Structure formats: structure tokens, C-alpha cells
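Read the single chain below, which is given as C-alpha cells and is the form predicted on its own.
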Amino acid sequence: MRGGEKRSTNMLDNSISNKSSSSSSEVDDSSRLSCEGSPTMMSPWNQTSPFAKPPWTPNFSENMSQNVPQSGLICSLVREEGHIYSLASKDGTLYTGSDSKNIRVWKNKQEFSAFKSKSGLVKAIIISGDKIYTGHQDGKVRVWKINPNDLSMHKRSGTFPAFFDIFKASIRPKNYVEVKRNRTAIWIKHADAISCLSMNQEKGLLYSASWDRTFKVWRVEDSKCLDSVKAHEDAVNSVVSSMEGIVYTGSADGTVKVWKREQEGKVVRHVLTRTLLSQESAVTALAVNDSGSVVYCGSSDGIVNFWEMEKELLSHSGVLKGHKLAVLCLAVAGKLVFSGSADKTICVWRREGAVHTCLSVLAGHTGPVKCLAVEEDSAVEAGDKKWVVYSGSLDKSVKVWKVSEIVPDMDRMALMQQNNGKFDWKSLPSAKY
């Protein structure tokens, strides 16, 4: 590893505990959810300790208990073969990538199938239609297709860049660029590990970012590399394609940059329009909501910055302080924002306007939380939208959580008990510079 990931994940936890079972279900018990053992006390603004007796106990009346939405751990998926570096989910099917080079497929909380790449650990996974795209340590993107006659079978259908494209480009000296001092490489090929992937479904474009300080743009229909951008002065840890041709990149050099896709005929290029953030701490994760109106950035200092669109311009709107160690992954779903950290926890935030409230802290991993994937829960209760959250960790496990959008935090529950069930939903403001 290098750059921000070196600083954030390499020496995170050298004593990660081992598990022996291949798949272990746990009781969906809301009493263990939230913030038992949380190092952040649920929210950075909370003053009371979560280590005290939990405010939700059998002392609640039956009516109150029914009106309290809760979240909890559903199960743990364990396969003793390496740290979990990447996740992707669709329609209840989960794909996991690890340093074993295996991509495992899970359905109904059980391992369904697996397929293997011969080159490099799996750093990123994207699902698009009936294809799965995986980014690897060797700097290549591999494309897998599901067999329609046997859904457990996955066959490799391509590689970015393709062998023929590499051969053709290698003939012309102008296709070589400097990647390190006294070292050159073909511009269509990443010279170091791929750190992340992002898909623009509308345009059929796949974005790959790498520790080689670049991001590249691929047309998925023919695997052609359309553009390669020297984006940062250090490893690019995150790339996100958003609305209207906007692309965000975050790097170990401490910056978040905004790029605009421009096309003239067949020529596609990306132009830097703005640097959103420049700081000492490495940028380790980015996420954008569905509408593209809010951008989140996680850093090695444990802080999440966010920007909101105001009059077609992104404006810094605050920071979320919920972790003691580096934020390693982010995900946005509905009104919720999830931040996974090297402190082994996942903070669940709810956004209302510019205000973010920490609803709960999901604790249970014994190693840093490296990746997240979120799907809407199909079993939706009236008035309570729920999400299924998958978290992959360097403890070699994936945990599956059920999270409600309206879960009150522990201090609010205490207040609710004190007020005999009369609860004020006024949320806490986001901390600002």
C-alpha cells in the first residue's frame, strides 16, 4: 500500500482476531446495536456516556417499545482467507473481494459461489447489469459475466486495457508517459494498484483511480481507454462520477478535486474546475448523494467534510466528527450517510437539510472497517424506511446490519424515558469551521 492508504490502513491493527466458521448467523437483537463500546459516544456533541446502563431496557412500556425504531446486526459472513477490501451488492446478492484474489458471492446469508483472478488482490468491485467489474492490485480492471443458465457461474469476459490495445499502443513512442523517475509506461495502463472504481451508467463510462496518481476513463462497450488524467501529487484513493459530467477525486496529497467531462467528437477529456479541499491529512474516501447535491469526504484524521450545492456552486457546509481514527469508507443511501473507520465502528448519520445527526454507531468488528455497501430493505414497515448495510473489515469478516432511518440515538432515548415518552426530534447542527 502507499499514500493515504499507507497512512490509514497499513499499521491499523496487527492483532486482528480470527474466526473459524464460514458463515455465522446472529440474533437480530436490537439491544446490541448502536453504540455499545463506541469510542465516539454516539455523537461528537453528546455529553453523556454510552457506557452507562442503556436507556432502552425492559422498563419501557409496551407501547413505547413498539414506537422505538431500532437497528441491529443480522449476521456475520466469515471466510478465513484474507482481509476484506471491497464489496458490492445488488438485489440481495453480495460480492466480496479480498487479498486472497477470490471474489465470493453470497445470497441469503450463505456463500453461493466464487470465482478467482490470478492477478492481485481485489481492491474494488462494481456491478452493472449482468456484469461485474473488479479493480486489482496489478493495475488492471477485469470484467466478469454471469452465466444466464447457471447464476453461480461467472466467466471473465474482458480486461481493461485489452491485450491488443496494449500491443497497439506500445508501438508508438508518443503513447509512453513518465510514471516515476526514470520509468515510463503506456498511458492506457495503470502503473500501480487500482484503488477504486465508479460507473457512469448513463454514458456507459467506467472510472478507475490508482496509486499511480491518475484516473482513467473506459468506454465499457469496447474496453477503450478514452482519457487518462494525472490528477494528484500522491495516490488517488477515491473517484466518484456524479451528475452532469462531474467527477470527484480524493488523494493522499490531502486534496479533493472537481473535474468536468468535455467531449468534442470522439475526443473525451476531463478539465479541472475546482479544488474543494486542501489539507495535511490524506483524503481516504468520497461519496455523493443520488441527486449530486451533497459531497462527502472522509480523511485520515477521522473527520468527514461535506459540501452542499447552493446556486449551482458547492459550498462547504460542515464536518462530521464521529471517529477517533481514520475514516476509510463512506456510503450514502436515502437520508442516511454511513462512515466506516479504522476505529472498527460505523457511524450512521441522518441528513435533514444542512444538519446531520448521529443516529447510532454500529460496533462489532474487531478490525478496521474498510468498505461498505448499502441496499434498501425490501421488508419495509409502514413509516419506517430501512436499509441493509454490508461492512467489510480487515478482521476478515463481513457483517450485515439492518438500519432504520429514524433510529434515535442513546442520549435521545434517555431523554425520551425521562419525559415519559415525549420525544423532541430536533437534530443537532453539524460542526462547522
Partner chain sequence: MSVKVLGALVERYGLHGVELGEVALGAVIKHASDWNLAREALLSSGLAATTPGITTARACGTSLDNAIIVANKIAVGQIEAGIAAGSDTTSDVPIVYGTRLRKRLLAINRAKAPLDKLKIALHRFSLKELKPSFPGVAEPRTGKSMGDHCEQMAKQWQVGREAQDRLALDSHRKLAAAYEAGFFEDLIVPFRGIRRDGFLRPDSSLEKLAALKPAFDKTSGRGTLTAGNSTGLSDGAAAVLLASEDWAAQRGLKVQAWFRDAEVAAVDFVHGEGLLMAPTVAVPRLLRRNGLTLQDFDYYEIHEAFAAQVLCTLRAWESADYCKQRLGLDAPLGAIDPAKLNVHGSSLAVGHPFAATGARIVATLAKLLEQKGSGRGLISICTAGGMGVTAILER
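Values in this document were obtained by computation on a predicted structure and should not be read as measured data. Residue numbers count along the first chain shown, from 1.
FYI, the form predicted in complex with its partner chain isn't displayed, but the following is about it.
Participant: Establish, in the model of the complex, whether 119, 181 and 370 all lie within 4.5 Å of its partner chain, using non-hydrogen atoms for the distance.
Facilitator: All three within 4.5 Å in the model of the complex.
Participant: Mind telling me which stretch in 147-155, 324-332, 124-132, 216-224 gets its heavy atoms within 4.5 Å of its partner chain in the model of the complex?
Facilitator: It is 324-332 that comes within 4.5 Å of the partner.
Participant: Consider the chain as shown here, without its partner, and state which of 85, 248, 95, 160 has a heavy atom within 4.5 Å of its partner chain in the model of the complex.
Facilitator: Of the listed residues, the single hit is 85.
Participant: Could you check which residue among 113, 137, 76, 255 gets a heavy atom within 4.5 Å of its partner chain in the model of the complex?
Facilitator: After the contact test, the surviving option is 137.
Participant: Taking any heavy atom pair closer than or equal to 4.5 Å as contact, tell me whether residue 389 reaches its partner chain in the model of the complex.
Facilitator: Residue-level check for residue 389: no, no contact with its partner chain.
Participant: Residue-level contact is defined here as any heavy atom of the residue lying within 4.5 Å of its partner chain in the model of the complex; does residue 398 satisfy this criterion?
Facilitator: Because no heavy atom of residue 398 falls inside 4.5 Å of its partner chain in the model of the complex, the answer is no.
Participant: Though only this chain appears here, would residue 100 touch its partner chain in the model of the complex if you measure heavy atom gaps against 4.5 Å?
Facilitator: Yes, contact at 4.5 Å.
Participant: In the model of the complex, does residue 352 have a heavy atom within 4.5 Å of its partner chain?
Facilitator: Because no heavy atom of residue 352 falls inside 4.5 Å of its partner chain in the model of the complex, the answer is no.
Participant: Using a 4.5 Å cut-off on heavy atoms, what residues in 225-254 are near its partner chain in the model of the complex?
Facilitator: Heavy-atom contacts to its partner chain in the model of the complex: 233, 234.
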